[in-house]
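Next up: a single chain in structure tokens, the form predicted on its own.
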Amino acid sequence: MSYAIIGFGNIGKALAKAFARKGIKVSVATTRAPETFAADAAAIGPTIIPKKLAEAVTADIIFLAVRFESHPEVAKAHATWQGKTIVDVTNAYGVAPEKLGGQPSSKFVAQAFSGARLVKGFNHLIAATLDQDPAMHGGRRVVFLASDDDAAAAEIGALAENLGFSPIKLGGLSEGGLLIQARGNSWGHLIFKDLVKFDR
């Protein structure tokens, strides 16, 4: 299984650190040349591999950690998304619901990545929190996941556990997904909720 993070701002770097902590290899890419962020990748760890966007999007599982407005540009970087899993880490804050056709932002994103399985997740925490080791006080930091594809949600849930998080599945994008998305100028109820799950 291969992994990539598209977007290497604060959220992208926080995700890369999660992979680095577990020694899991992950490609990172932006719309810029890899040389421009190679030093930042190297500073995180040897398993963080800077690549061109066209190379990174060949991964099996792709974390979309760009600004919401940039997702169509990423979608054009690959001919077909069939067989891939996209983890939508974007937040469409400030985007009018009418611009999304009244649908959840992740369903709108899914249309751009036609053929891929989409999971909304890892987007409810601010970068400074996501950046920290998820092992806390004897428990694990929670990440919420929503998807219309149960198998994809299970796959990303297993990856989240491998990265040290405690995944909580919220159901489909039109139900649970609304709890972890921005809608216009408001945030879903679970956005910014930093929770820790304790295993009994």
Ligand SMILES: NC(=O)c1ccc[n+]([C@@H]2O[C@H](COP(=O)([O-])OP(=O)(O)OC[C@H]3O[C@@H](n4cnc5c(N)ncnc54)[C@H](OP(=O)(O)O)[C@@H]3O)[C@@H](O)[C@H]2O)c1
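Sequential numbering from 1, following the sequence displayed. Note that this is a predicted model, so its numbers are computed, not measured.
Omitted here: the form predicted in complex with this ligand. The next part is about that form.
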| item | value |
| --- | --- |
| Heavy atom distance at most 4.5 Å to this ligand in the predicted bound form, all of Y3, A20 and A56 | no |
| Location of this ligand contact in the predicted bound form, chosen stretch of 139-147, 41-49, 62-70, 159-167 [non-hydrogen atom, 4.5 Å] | 62-70 |
| Any non-hydrogen atom of A96 within 4.5 angstroms of this ligand in the predicted bound form | no |
| In the predicted bound form, G12 touching this ligand (heavy atom, 4.5 Å) | yes |
| T30: touches this ligand in the predicted bound form, heavy atom cutoff 4.5 angstroms | yes |
| Residue contact check: N123 to this ligand in the predicted bound form, 4.5 Å heavy atom | yes |
| Interface residues of 79-94 toward this ligand, as seen in the predicted bound form [heavy atoms, 4.5 Å] | V89, T90, N91 |
